[in-house]
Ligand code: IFM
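Take a look at this single chain in structure tokens; it is the form predicted on its own.
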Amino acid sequence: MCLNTLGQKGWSALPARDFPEGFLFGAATSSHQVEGGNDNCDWWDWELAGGAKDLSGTACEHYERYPEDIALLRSLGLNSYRFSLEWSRIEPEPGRFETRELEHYRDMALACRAQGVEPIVTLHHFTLPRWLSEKGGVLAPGSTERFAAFCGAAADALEGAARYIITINEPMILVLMGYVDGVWPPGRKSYPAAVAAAQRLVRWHRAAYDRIRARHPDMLLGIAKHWIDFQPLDKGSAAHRRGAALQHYLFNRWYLRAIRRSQDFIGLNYYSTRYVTSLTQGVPLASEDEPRTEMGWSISPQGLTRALRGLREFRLPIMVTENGIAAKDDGQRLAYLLDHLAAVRAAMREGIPVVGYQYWSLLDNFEWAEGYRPQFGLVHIDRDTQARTVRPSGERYGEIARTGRLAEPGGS
């Protein structure tokens, strides 16, 4: 926002907005975390084998309740919704695409449009069909062509209903959790396999981009890239600085540079800073006194501004596709939300082309290996009744979305 002479009379006299008309204020979910009944994928098998603290089970029943949830999102004043498709529903067997499921997700996108909500559709958000998992998952022979075929069928179904398409959510998190730490499917701990998986996921995106671009040139394609704000724990240590630089390149920049000619916008998922102590190691907090989320992650809004600055080199529009906090205290959630929106505003005032912000998450949901304990939602879900209750943070976020103003009238 450019301040004019009215600024001399105080903030309350300024009619200008902090965020421009058309800015995409929204919230995000993913299919396996909210739909319920996704029992034909690798994550369901992982849960049954004890890989998560809870079974996803009925989740939030979003598969059936999506009209209610989209209407609730819109009633808050939000104008966009990021959701994902479930590959295992759409292609339950190799090469057999379920028309009914494709129509279901098209209906979701059209339901958004009918409410005045921009659908932002993710094609792959961590889960794989069981048949692909059994053949080797990401590293299965022919997986690139299978993924491209799935993405092509999904894009065909979404023609005229969705414009923003994210091919893959957080490819490097999938590599880290599934092939380095081994705490997500497929549960491997192998650096060679991790490198191979990262390279394969580059090919997945490129193939999907080419397939969709050839048939649907009006769609805007990108990925949702998890960005960790790597900082040296001791800025005076050369070893810490070198480690931070290396981890930053490998985790944040390498994938984006590998696909730089096949993206129309960049989706940015940001949560926290990590403090680096060597080429491969780090700690989540600089000290025990640092503010943290229930997940033990640092609360570092300035890291979001740094991340947005770091994307300048790609000269593309940027959408914050995830940013949020696990917190039982909704006051902490509201403070986190306001501070991180201020971080986005700061980047935009520097001329960084941010087009939207999607809070994670719309609903309390199944948080992968952590189960249902973490509560990220703007909307609380009663696990016994499925009742939806909007939290005060959700109401305040909706007010910001409706007015485009972050500061309270008369505030600083």
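Note that this is a predicted model, so its numbers are computed, not measured. One-based numbering along the sequence shown.
Not on display, but discussed next: the form predicted in complex with the ligand.
Touches the ligand in the predicted complex: W297 (any heavy atom, 4.5 Å): Looking in the predicted complex, residue contacts with the ligand include W297, since a heavy atom lies within 4.5 Å.
E367: touches the ligand in the predicted complex, heavy atom cutoff 4.5 angstroms: E367: contacts the ligand in the predicted complex.
Touches the ligand in the predicted complex: Y336 (any heavy atom, 4.5 Å): Output for Y336 is no: heavy atoms all beyond 4.5 Å of the ligand.
Quick check on E170: any heavy atom within 4.5 Å of the ligand in the predicted complex? Yes.
Using a 4.5 Å heavy atom cut-off, which stretch among 197 to 205, 304 to 312, 162 to 170, 336 to 344 contacts the ligand in the predicted complex? Only one stretch qualifies here: 162 to 170.
Exactly one of E118, D229, E86, E322 has a non-hydrogen atom within 4.5 Å of the ligand in the predicted complex; which residue is it? It is E322.
To verify the annotation, which of these, Y255, F265, F126, Y179, has a non-hydrogen atom within 4.5 Å of the ligand in the predicted complex? Exactly one listed residue reaches within 4.5 Å, namely F126.
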